[in-house]
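Have a look below at one chain only, the form predicted alone, in structure tokens format.
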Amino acid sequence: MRNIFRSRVIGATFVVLALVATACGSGDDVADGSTITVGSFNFPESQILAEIYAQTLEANDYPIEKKLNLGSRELIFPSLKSGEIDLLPEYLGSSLGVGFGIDSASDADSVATALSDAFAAEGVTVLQYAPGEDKNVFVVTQEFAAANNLVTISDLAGVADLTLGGPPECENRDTCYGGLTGTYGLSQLKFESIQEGAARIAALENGEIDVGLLFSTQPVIVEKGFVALEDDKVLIRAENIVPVLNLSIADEYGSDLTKLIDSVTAKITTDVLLELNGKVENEGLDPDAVAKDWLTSNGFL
């Protein structure tokens, strides 16, 4: 009887040890895997989102490297396609239109499907998109809107000698200056390159420009009382946040990685974007600190 009992104890011990070894091996496999390079564009919201994903992965033992504030999509896309960047928080419509020059229907599902098809040829997979979105908006001051009876972008056609202020890449984009002159036919509109958002806001308030390009999730639009002109010809498509991931990384780490990323994405609403941007714009907090606080409050850290 003692021998049988002893055999059972020894057998159970081996099972426990095997399970522990398997668990340790699983963690080691993640920690010893390929480094996941997380990139961002050169504006605060993109940096916050990149920090959110990078910190989540790091907290789950994935090896990560951050390459943030890199520049515009035109500069980053070659690195994404070549595999120098593995994970990038993107925006549905801009990614498809600017990144690939492809137009599509304006709804998020249609844009996401078209974007997945376009990226598949580049060895990149498109993950689930967030409920939150951030669109380009063209804003004017309340005084300028009242003086010229402006409600929609089309209303600008009746105003002479207009100047739009936007970042350098805006000039040639169909979703920015190129679209205003092409789709809307605003041939009288001039363009002034102003990289920083704060400088565009100051130029708008000072009357140096008449129209400013801002993002719909910038709290300053409400705080300053700017009028966001209605995009009555639907120049801007759905712009939900969507992480795109190098396919080789997705294959290496499997569904555990993609499910983790998707779980974070599902929590990113438009209100969340407004809140996070406000902490950077109004409170002067760094994107990494803002990301950490949000992840902690949502149970990811």
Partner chain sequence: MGILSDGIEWLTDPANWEGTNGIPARLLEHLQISIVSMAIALAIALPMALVLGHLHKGEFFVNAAVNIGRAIPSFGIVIFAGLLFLEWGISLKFWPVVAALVLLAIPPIFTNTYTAITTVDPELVEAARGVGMPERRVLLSLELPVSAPVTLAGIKIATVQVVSTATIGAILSSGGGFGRYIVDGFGQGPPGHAKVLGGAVLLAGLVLVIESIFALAERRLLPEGIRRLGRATDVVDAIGHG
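Residue numbers count along the first chain shown, from 1. In this text the structure is predicted, and so the values were computed from the model without any measurement.
There is also a form predicted in complex with its partner chain; it is not shown, and the following applies to it.
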Option from 166-174, 88-96, 110-118, 146-154 whose residues, in the predicted complex, bring a heavy atom within 4.5 Å of its partner chain | 166-174
Answer for residue 195 alone: is it within 4.5 Å of its partner chain in the predicted complex, judged on heavy atom distances?
-> yes
Indicate whether residue 187 is a 4.5 Å heavy atom neighbour of its partner chain in the predicted complex.
-> no
In the predicted complex, does residue 102 have a heavy atom within 4.5 Å of its partner chain?
-> no
Report yes if any heavy atom of residue 158 sits within 4.5 Å of a heavy atom of its partner chain in the predicted complex; otherwise report no.
-> no
Looking at 125, 181, 216, 72, which is the one with a non-hydrogen atom within 4.5 Å of its partner chain in the predicted complex?
-> 72
Heavy atom within 4.5 Å of its partner chain in the predicted complex: which residues of 198-222 qualify?
-> 198, 199, 202, 206, 208
